[in-house]
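Below, in structure tokens: the form predicted on its own, a single chain.
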Amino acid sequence: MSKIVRATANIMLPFILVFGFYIVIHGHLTPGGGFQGGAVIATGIVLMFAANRYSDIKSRFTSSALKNTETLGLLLFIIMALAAIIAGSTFFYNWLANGGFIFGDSVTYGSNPGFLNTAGTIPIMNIAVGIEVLGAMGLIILYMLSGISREDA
């Protein structure tokens, strides 16, 4: 691609990433969540793939790094679900809610703007899903592009 496309992609990438992380983090307060935010973040990777050569991008985003990202998201999700059993409750129980710790503040009664430090394990599950979707979609795109580069060679 041309220098203009690459420069524009490099300028847009931080905004796309911040927007994606915003959707992931605020998933329990607004429409969106881990899957949607992870898809937006993966769109930033697609933009980098589209604006640069495959060989340049392949060195930045390796398949093993994306597989590890996907695995990290899955492990975090499973650990959060199993941690409830260790805490003495049922599988997937929201054991952080109303505990006063991270994401453990109580929600005030009535109309309010929504507070980020609420909802217990739900924001952490959103983060886990976002990490998993980012890795999975990045990996799919990387494999699709590797097929295109083989046909061109």
Partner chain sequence: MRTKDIATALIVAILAASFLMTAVDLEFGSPKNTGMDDYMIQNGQEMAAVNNIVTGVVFDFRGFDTLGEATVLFTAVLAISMMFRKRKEEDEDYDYE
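Numbering follows the first chain given and starts at 1. In this text, all values refer to a predicted model and were calculated from it rather than measured experimentally.
Just so it is clear, the following notes concern the form predicted together with its partner chain, a form of the same protein that is not shown.
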Does any heavy atom of S55 come within 4.5 Å of a heavy atom of its partner chain in the model of the complex?
-> no
Determine whether any heavy atom of A9 comes within 4.5 Å of a heavy atom of its partner chain in the model of the complex, and answer yes or no.
-> no
State yes or no: in the model of the complex, is some non-hydrogen atom of V107 no more than 4.5 angstroms from a non-hydrogen atom of its partner chain?
-> yes
Determine whether any heavy atom of F15 comes within 4.5 Å of a heavy atom of its partner chain in the model of the complex, and answer yes or no.
-> no
At a 4.5 angstroms cut-off on non-hydrogen atoms, which residues of 1-29 are near its partner chain in the model of the complex? List them in order.
-> G27, H28, L29
